[in-house]
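Next up: a single chain in structure tokens, the form predicted on its own.
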Amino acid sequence: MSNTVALLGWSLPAIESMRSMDRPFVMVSFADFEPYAREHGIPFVAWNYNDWSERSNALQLKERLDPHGAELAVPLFEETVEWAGALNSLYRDDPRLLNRAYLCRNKAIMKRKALLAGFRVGLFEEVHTVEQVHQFMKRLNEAHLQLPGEEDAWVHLKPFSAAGTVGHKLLRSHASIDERVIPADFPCLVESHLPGLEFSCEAFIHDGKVRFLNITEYVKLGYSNFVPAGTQLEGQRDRIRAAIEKLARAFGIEYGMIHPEWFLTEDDELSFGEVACRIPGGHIFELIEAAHGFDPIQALVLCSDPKVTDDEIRAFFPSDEKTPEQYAGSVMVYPKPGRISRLEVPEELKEDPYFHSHTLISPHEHKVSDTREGFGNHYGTVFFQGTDPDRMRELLVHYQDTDFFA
């Protein structure tokens, strides 16, 4: 197997993974990274992903990649998904691959597709004005048989194609719509609040079959999670796997990895949230490697390649059915609003046997704004490893509310 893989985006861990598996590759990213790539002998093609035009499209990019022998494109980040879809459509002479990439880039389209496939989804609409957001909330209130004086139904506002929680606004009342929604948000998606335990899956798919399924438990969305999930979610593994297989069939996913998010209600109903087909955020790949013992970037590349054999796939993955020996978790640390001057890592954390490492650094003195959108920027991550998922969850709950900065 010698066909070169084009990695769309920039990631030092991905470069290390390709080198360690001795797989020929070429990085495709913005020109700012070219000097570093040249200095370190990294095959590189400069490309501006923000320009899609007659002079800058997948045909031109393919021409730039042909000298490197590229036959496969793998997206590393959300913004490169449709570029990978366009390239793979050319490499495999299958125009549907681009359509599938668009499907995973537009939250409104993917929810319609999931609804048509028979999944339980919340109520959603595409909106273009603040008044349409108000009207959507009013209709939710009516559907909930709201009485005068009761709280409004919660509405989630999301960009069509942003990754993770970027641009996500939770609107709890009509007043919050007027306070928080701005013209730059439109057009966008609004959807009803889905109750239940939120979690994600990382399903590695090759030749239309789920070859490895990880379930990630979200302790607090955008803050903390651990791999694999605890007893409650792992106890639903058979149903979750069946839902993933149904999702892959409905969306026509044959190769690569999908990262869907789900909600499990108290009465064990499974609701579809959304799905991505690129590396997940929240350090999930790092946690998968720590807990399951394989390199998930290498797994993504192998599963994305139709030329890889079944024997190679089986030899790479461990069984995902056995009880895990190790759980891995992380807490992304966001400083509280106000002036901060130094890092304070609690001694109890350093002495805890589940504590593994952290990437927190002492900051220069500055003020953290109290008007941040979403969570703001996190200032580092604390990593944990241990054998008890309940203890792991307790630690993540505790340290996601700990103030690490004075």
Partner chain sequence: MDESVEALLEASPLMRPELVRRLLSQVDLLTSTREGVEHLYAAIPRMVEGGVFEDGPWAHPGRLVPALVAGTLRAGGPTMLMEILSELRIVALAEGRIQRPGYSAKRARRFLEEMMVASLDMVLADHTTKPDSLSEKDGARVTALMDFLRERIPVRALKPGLATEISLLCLQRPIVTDRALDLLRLVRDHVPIDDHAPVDEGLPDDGDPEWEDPDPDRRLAVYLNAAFTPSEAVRAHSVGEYEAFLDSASPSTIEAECRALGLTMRQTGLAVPHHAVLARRVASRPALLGALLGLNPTGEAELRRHREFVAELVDRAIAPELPRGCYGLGRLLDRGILSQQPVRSGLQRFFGLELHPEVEGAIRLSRPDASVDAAGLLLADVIAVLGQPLGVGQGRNPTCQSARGISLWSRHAPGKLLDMIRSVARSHDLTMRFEGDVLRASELGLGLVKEFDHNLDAVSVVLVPHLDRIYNEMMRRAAWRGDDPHKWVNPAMYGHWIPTGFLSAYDYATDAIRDYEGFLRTFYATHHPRYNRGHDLAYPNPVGIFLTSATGELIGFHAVSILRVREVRGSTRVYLFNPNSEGRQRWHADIRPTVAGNGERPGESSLPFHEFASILYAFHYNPSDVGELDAVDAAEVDRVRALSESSWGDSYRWVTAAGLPDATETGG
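Positions refer to the first chain, counted from 1. Worth saying up front: this structure is predicted, and the values here are computed from it rather than measured.
What comes next is about the form predicted in complex with the partner chain, which does not appear here.
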query	finding
Triple contact flag Ile15, Leu343 and His358 to the partner chain in the model of the complex, non-hydrogen atom at 4.5 angstroms	yes
The partner chain contact at Ala46 in the model of the complex, heavy atom, 4.5 Å	no
Proximity of Glu286 to the partner chain in the model of the complex, heavy atoms at 4.5 Å	yes
is_contact(Tyr36, the partner chain) in the model of the complex, heavy atom dist at most 4.5 Å	yes
is_contact(Arg55, the partner chain) in the model of the complex, heavy atom dist at most 4.5 Å	no
Proximity to the partner chain in the model of the complex, single hit among Asp32, Glu63, Glu347, Asp51 (heavy atom within 4.5 Å)	Glu347
Stretch 36-54 - residues with a heavy atom within 4.5 Å of the partner chain in the model of the complex	Tyr36, His40, Ile42
